[in-house]
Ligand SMILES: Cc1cc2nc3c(=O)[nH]c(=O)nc-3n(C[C@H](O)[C@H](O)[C@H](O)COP(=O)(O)OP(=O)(O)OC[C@H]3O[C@@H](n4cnc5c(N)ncnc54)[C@H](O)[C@@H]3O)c2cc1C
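One chain comes next, on its own, written as structure tokens: the form predicted on its own.
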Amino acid sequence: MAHIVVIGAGIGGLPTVYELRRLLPSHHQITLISNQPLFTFIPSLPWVALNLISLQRIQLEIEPLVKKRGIHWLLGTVTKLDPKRQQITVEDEIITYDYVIVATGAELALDAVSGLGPETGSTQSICNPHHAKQASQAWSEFLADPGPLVVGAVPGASCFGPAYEFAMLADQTLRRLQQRDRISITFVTPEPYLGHLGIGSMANSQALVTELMAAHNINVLENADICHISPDTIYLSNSQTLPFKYAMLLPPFRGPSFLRQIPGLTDEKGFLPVLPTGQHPDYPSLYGIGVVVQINPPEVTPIPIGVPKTGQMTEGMGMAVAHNIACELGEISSHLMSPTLEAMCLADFGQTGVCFLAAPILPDAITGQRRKAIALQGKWVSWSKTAFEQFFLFKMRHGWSVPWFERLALQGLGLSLVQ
């Protein structure tokens, strides 16, 4: 009997334990550890922050979902990982494992810029449910006493889609409330150009996003280096200042502290280097999936930024890792898998939306090209994002990871999760 532990119960961790349970006989123990009792569909948090939907709509209670499928549930915070002894400390409890999969998602590096973040700073975030609720309350207060609105990201950020969504959805909301003409919107980004998304070479994305921002009268500052923030002003390194009444700025991500405290385990940001199988190169029993995995940027930009790790990429990583562990245990006879790292991002802009597709996320090292790289605009993107949100929650309620018909649909789009 083997004991497989998954740390994190988000878009990566929860489908991965379902896939492990599907592949492994019941005599293998699977444990899911999370410091949150609820699963949250993170891509919908921009809607929550702008009071367009309730947070409850995109949350599920995890414990009953996993327990009825023979998965052990442990609510708590991992404080230590010992990859040599293969032990995890969860507060006061020590757990021994045969395999561990780290799927924690990001820790927010809010200390990267002075004044950043809702707790100790003056800006809002939409990176977790707690922050989205705070942003929602601040948005209601802002509508009662409006002023300049600033949206974007700080240097080192890696996930820009939600910032684009927030800016465009805020514009739509203000127009609906007939307040848009009283409120200026500025989009500020460390990307070298709009639509770069941390990966570059995305065909028509620059022209498309630039055109949409201009059509909605949103001021844009590209290649912007935010150096510090006061309660009502954002300061750039070129001495430019941006006054604001409400600011939503995405922070940089880093790996969790229990990984960063182990010398030599991670890179300088706490991200895990992994082999194509998902294993750490020095510890074969340690796997990583999702945001916690190290992916180096395909190019050096004037202002440092990171590479996004989308939900689709994360699901592919989880599928590959579950498959490879089942192979290691001799429960299936097959070649080892690796994720394709093909990414599709559905960004809702209100009256329209943009589908960004990069297959794979990193261009070929020699040609600088991808098999697919495109941005498509249309109202159908907004509908598709809503439909996918409900489909994903349906999957989590019913204990599915990636069912056959979802894989078939991806194949119809010319995409795949694993290879």
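Position 1 is the first residue in the sequence shown; the rest follow in order. As the structure is a computational prediction, the values presented were derived from the model and not from experiment.
Here the subject shifts to the form predicted together with the ligand, a form of this protein not shown in this document.
- The ligand is not drawn, but in the predicted bound form it has no heavy atom within 4.5 Å of residue 339.
- A residue is said to contact a partner when one of its heavy atoms sits within 4.5 Å of a partner heavy atom; residue 322 fails this definition for the ligand in the predicted bound form, lying far away.
- Contact annotation for residue 359: none of its heavy atoms lies within 4.5 Å of the ligand in the predicted bound form.
- None of the heavy atoms of residue 20 is located within 4.5 Å of the ligand in the predicted bound form.
- Only one of the listed residues (346, 209, 199, 188) places a non-hydrogen atom within 4.5 angstroms of the ligand in the predicted bound form, and that residue is 346.
- Of the residues 290, 195, 278, 316, just one reaches the ligand in the predicted bound form with a heavy atom at 4.5 Å or closer; this is 290.
- Segments offered: 282-290, 180-188, 92-100, 145-153. Contacting the ligand in the predicted bound form at heavy atom distances within 4.5 Å is 282-290.
- Contacts between stretch 117-132 and the ligand, counted in the predicted bound form as any heavy atom lying within 4.5 Å, involve 126, 127, listed in sequence order.
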